[in-house]
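Below, in structure tokens: the form predicted on its own, a single chain.
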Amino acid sequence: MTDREIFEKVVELRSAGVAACLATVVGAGGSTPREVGAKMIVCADGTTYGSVGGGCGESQVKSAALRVLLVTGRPELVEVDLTDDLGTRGGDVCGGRMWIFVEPVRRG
């Protein structure tokens, strides 16, 4: 999804009263599947729009988003480490790290 499509979806979800988080790659080092600025929306029911990289890293971000939505209500900075030994994460090793800011989308 383009940034425009992501933000249009945020507006749509807010208007519908759907609880969601916006996850944005704010830092990256080494080889990563997505660059700074990549975005993903995670809804409280687990539905996602966009991508911050796929695989185990994206799953880690989705878990953080659900924690923000259902437990803490506070934004989180998630570090996704993609430097593990080959094979330890099902082959999802790129060799870098990403930092992803996860923030709730509030109705307003």
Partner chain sequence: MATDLWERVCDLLERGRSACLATVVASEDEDRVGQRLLVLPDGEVEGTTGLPELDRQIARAACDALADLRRGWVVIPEGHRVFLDILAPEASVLVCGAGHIAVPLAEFARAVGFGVTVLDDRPDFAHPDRFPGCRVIARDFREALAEMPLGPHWYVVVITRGHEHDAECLEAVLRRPTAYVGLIGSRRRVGFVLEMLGRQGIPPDRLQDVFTPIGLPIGGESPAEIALSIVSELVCVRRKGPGQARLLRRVVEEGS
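Only a predicted model underlies this, so the values are computations on that prediction, with no experimental measurement involved. Numbering follows the first chain given and starts at 1.
The protein also exists as the form predicted together with the partner chain; that form is not presented, and the subsequent description refers to it.
Chemist: Would V10 count as touching the partner chain in the predicted complex under a 4.5 Å heavy atom rule?
Modeler: Output for V10 is yes: heavy atoms within 4.5 Å of the partner chain.
Chemist: Residue-level contact is defined here as any heavy atom of the residue lying within 4.5 Å of the partner chain in the predicted complex; does E35 satisfy this criterion?
Modeler: Heavy-atom contact with the partner chain at 4.5 Å: present for E35.
Chemist: May I ask you to check whether P75 falls inside a 4.5 Å heavy atom distance of the partner chain in the predicted complex?
Modeler: Output for P75 is yes: heavy atoms within 4.5 Å of the partner chain.
Chemist: Under a 4.5 Å heavy atom criterion, is L69 part of the interface with the partner chain in the predicted complex?
Modeler: Taking the distances in the predicted complex, the answer for L69 is no, it never comes within 4.5 Å of the partner chain.
Chemist: Could you run down 21 to 52 and flag each residue that has a heavy atom within 4.5 Å of the partner chain in the predicted complex?
Modeler: Stretch hits, in order: L22, T24, V25, V26, G27, E35, V36, G37, K39.
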